[in-house]
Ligand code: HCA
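Let's start with one chain on its own, the form predicted alone, as structure tokens.
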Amino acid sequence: MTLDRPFQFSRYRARPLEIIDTTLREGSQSSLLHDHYKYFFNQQDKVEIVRALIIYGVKFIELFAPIVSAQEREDVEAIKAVRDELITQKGYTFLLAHVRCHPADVESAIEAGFDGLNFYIGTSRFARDASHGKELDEIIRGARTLIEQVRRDYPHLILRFSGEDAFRTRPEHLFRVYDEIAPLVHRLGTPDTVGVATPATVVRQVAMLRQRYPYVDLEGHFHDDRGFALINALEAVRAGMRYIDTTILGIGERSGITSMTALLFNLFVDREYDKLEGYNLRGSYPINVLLASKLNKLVQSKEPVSLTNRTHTSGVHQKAVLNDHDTYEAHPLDQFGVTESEILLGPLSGWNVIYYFLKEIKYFRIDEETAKEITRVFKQRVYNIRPDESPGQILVDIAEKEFKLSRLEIPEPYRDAVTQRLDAIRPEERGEMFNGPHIR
């Protein structure tokens, strides 16, 4: 079956991949906010996050419908202001309201001046039985009537319709609904609301929908309940899906959804460069750090674009990284703003990194044999480390107090810099410093 081409949106030429960032909608449902006693993003948080997203190159940002609360209505105005401030620099960014198929949601979003409406209603048996209680015919009748009215009265709005829990909706039921709605909207969403999809089912779903609705763009929203959010999004993009919902750090309801920077990072690694048009990839790590700071936490270790992806604790790894970081750092994270490596001192560290730390960072006069002896003492001592101590301080104390090592005299401007083999550099050349890995 094919449908007539729907109305076209003429204000913007869509790129091969469009991120619809939903950090301030889906991400606001993350339990991480509660874990850190924050509970919600305040207006200043939202303004800073939106500014960072626009500078990063995101053109579509999803927010709650203002009907959610008076505070949400106020926040939309502040967000619109920062968006308008950046238009001359970054071009137009579209604000989309996440709305139920309910006139009150729609009215609140239109009054607030949103650029588009992201309609949704549950289509699976679970949603029909336990959520809204409507059967398919009632869903179709209500959604079509409302969307037709919006199309007639507000033809400039960007419209999307999603059958919530699409991957647990029988295909024939999903088609019954989408057949009626597809001619009225710009995008059809395929949300994996409870994270049941697998890469294979995603590819099949995208293929079916592209064949049936060839003139409507598809949008994916993949939850991470099974740990598949990222791979499902990648497979959807490769199968021809243009729009993907993401959040910064992948935060969201339960286990979250697809991470924006992880998705773009993997497309880069796989050389799918056409999908990266317009995104400021070097801003990936800074934007992750920004959101992590809002959550009062570090960028989590599961996030590919993180310093932990360049952090080494094993002595074997540390030695190799000192010689050639590519040995255990296979991916171009520097292209995504991770410009340092980090080596963590601890009981797994070998003498090579301890030698490097004491010689190149702390400027001790030390030879390799002495470093090996200090390593043996350190490995015994570090297992009894106190909360107010650090492994680095333990090493310095051992070097100074037990081995009576002296230090090189370092000019004041360079005392805190990381150097390499400074004792082999002529005094007149010591101003030319070399970067090394960060060790702590």
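A residue's number is simply how far along the shown sequence it sits, counting from 1. Only a predicted model underlies this, so the values are computations on that prediction, with no experimental measurement involved.
The discussion below concerns the form predicted in complex with ligand HCA, not included here.
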Next item on the list: Heavy atoms, 4.5 Å, ligand HCA in the predicted bound form: which of 321 to 329, 155 to 163, 123 to 131, 295 to 303 makes the cut? Say which one.
Entry: 155 to 163
Check: Every residue in His98, Thr193 and His221 with a non-hydrogen atom within 4.5 Å of ligand HCA in the predicted bound form?
Finding: yes
Margin query: With a cut-off of 4.5 Å between heavy atoms, is Gln44 one of the residues that contacts ligand HCA in the predicted bound form?
Written below: no
Next item on the list: Verify the contact flag for Gln29: yes if a non-hydrogen atom of it lies within 4.5 Å of a non-hydrogen atom of ligand HCA in the predicted bound form, no if not.
Entry: yes
